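Single chain ahead, by itself, as structure tokens, in the form predicted alone.
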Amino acid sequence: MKKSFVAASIAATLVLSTSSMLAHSAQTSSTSEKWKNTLQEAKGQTVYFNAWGGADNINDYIQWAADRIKDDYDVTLKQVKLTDTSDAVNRVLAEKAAGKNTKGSIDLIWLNGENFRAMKDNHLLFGPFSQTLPSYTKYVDENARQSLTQDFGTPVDGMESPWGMAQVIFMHDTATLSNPPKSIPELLIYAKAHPGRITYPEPPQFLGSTFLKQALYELSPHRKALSQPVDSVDFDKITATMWAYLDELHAVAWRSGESFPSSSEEMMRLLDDQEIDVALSFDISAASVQIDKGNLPDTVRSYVFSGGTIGNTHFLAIPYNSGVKAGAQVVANFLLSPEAQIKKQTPTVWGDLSVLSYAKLSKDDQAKFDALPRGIATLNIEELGKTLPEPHASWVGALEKEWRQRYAQ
């Protein structure tokens, strides 16, 4: 009796196991067939990619990708260079309001944070799609970092595809400043001792807004509140110490805090001209790229604050009314491939950190990542240290609005 029961149990287990394997095989086959159909549909399509166009090296990388995508998939990729991603979001919103629900003017957007939240909340996105991309299923590990599934506190839910990772870094010229300030409080101490030598980009430029978040994270005693929607907490109480800090900083800042650089690129030009002593960027290879181009002296080095700096993942999303969703998915999939991610992480190309799981890569691709040169001023992963989480996306607009009310000329 007992032997019969055991035998029956083993047989049942084998049947279940076989059924599971067959179901998985059928699902894989179905997914593969769907992707083949996507590739076929994408042929001949033109994808209008709205992406920030403020850095020549990034624009050059996108053009490299466009050439590869055209050769391999017969999809034409055209970059629409933006100064502010919110312009693209507002365009899709306007098209929806006008009833233009097909053949929209935008097919792919480079975004994250509040722009993603705005598009998701207003039902302006196509998807979910990212988890069906072959490159995603093969090379991305969602458990590796929270920012792959939570974009500034907003669940991704497959509505955008990860493209790269960024972290705030600071730059200084070792020939003139050997020991730079390594925290927000130290930055103010330095600024008071060296008036006119410290500044940051003007919000709502994204790096300027990130500087505010970095300052808030370091100065506020209410850090846990930053992960909550801003309208659910006491904004004035939580930000009070930061505004008091900025009042002091602006009094001794570059141009007495009456004007601010427009971007990281302008900050690096000011650093090169020796007008300021510290620049910052969201691109860990920015200093190396500019040194290589002759725009910064080779004595410039990158560094991070001792307690860590803000970091995040940036993504690609497809508007709901794109007329070439197949082509947009093909582009997103290629940009997530090991080939494209290796090229992108090359310091003299872009230096943007890969979102791929190293453990999921082939030995050959692992070796290619391992062989990447590191720029003269580029920090390695260990040197980048602790990554501070982005606040909830709703904080960005609130901080920018208050900043402009207080300081905009």
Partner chain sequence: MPLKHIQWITGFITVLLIFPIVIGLVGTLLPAFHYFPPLGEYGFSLSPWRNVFSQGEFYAGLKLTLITGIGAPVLALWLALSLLAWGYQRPFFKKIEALLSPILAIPHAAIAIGLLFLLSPSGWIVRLFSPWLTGFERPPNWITAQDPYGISLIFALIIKEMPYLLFVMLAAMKSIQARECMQACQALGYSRFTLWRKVLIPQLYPIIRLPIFIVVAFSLTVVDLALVIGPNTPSTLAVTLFRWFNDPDLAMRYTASAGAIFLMITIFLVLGGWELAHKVFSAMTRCERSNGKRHGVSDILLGTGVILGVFTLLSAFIALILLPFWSLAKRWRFPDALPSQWTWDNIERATPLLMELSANTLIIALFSTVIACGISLLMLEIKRHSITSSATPSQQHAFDWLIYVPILLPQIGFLFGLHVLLIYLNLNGDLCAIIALHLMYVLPYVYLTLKAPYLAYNEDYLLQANRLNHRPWRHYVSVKIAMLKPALFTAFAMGFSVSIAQYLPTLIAGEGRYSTLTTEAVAQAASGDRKQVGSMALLQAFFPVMVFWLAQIIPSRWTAWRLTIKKRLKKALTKKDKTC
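Positions refer to the first chain, counted from 1. Bear in mind that the values here come from a model prediction, so they are computed numbers and not experimental data. Rigid core (definition): largest C-alpha set, two forms, superposition within 1.5 Å.
There is another form of the same protein, the form predicted in complex with the partner chain; it is not shown, and what comes next is about it.
K.L.:
Could you confirm whether Pro221 comes within 4.5 Å of the partner chain in the predicted bound form, counting heavy atoms only?
P.N.:
Judged by the heavy-atom cut-off of 4.5 Å, Pro221 is well away from the partner chain in the predicted bound form.
K.L.:
In the predicted bound form, does Ser259 have a heavy atom within 4.5 Å of the partner chain?
P.N.:
Yes, Ser259 lies within 4.5 Å of the partner chain in the predicted bound form.
K.L.:
Does at least one non-hydrogen atom of Lys182 fall within 4.5 angstroms of the partner chain in the predicted bound form?
P.N.:
Looking in the predicted bound form, residue contacts with the partner chain do not include Lys182, since no heavy atom lies within 4.5 Å.
K.L.:
If you check in the predicted bound form, is Thr83 within 4.5 Å of the partner chain, heavy atoms only?
P.N.:
The answer is yes: Thr83 has a heavy atom within 4.5 Å of the partner chain.
K.L.:
Specify the contacting stretch among 225 to 233, 152 to 160, 296 to 304, 210 to 218, defined as having any heavy atom within 4.5 Å of the partner chain in the predicted bound form.
P.N.:
That would be 296 to 304.
K.L.:
Could you spot which one of Tyr139, Trp254, Trp110, Phe206 gets a heavy atom to within 4.5 Å of the partner chain in the predicted bound form?
P.N.:
In short, Trp254.
K.L.:
In sequence order, which positions of 90 to 123 have a non-hydrogen atom within 4.5 Å of the partner chain in the predicted bound form?
P.N.:
Heavy-atom contacts to the partner chain in the predicted bound form: Asn90, Arg91, Leu93, Ala94, Glu95, Lys96, Ala97, Ala98, Lys100, Gly104, Ser105, Ile106, Glu114, Asn115, Ala118, Asn122.
K.L.:
Tell me, please, whether between the shown form and the other one the C-alpha of Thr83 is shifted by 2 Å or more, with the rigid core used for superposition.
P.N.:
Yes; that C-alpha moves by at least 2 Å between the shown form and the other one.
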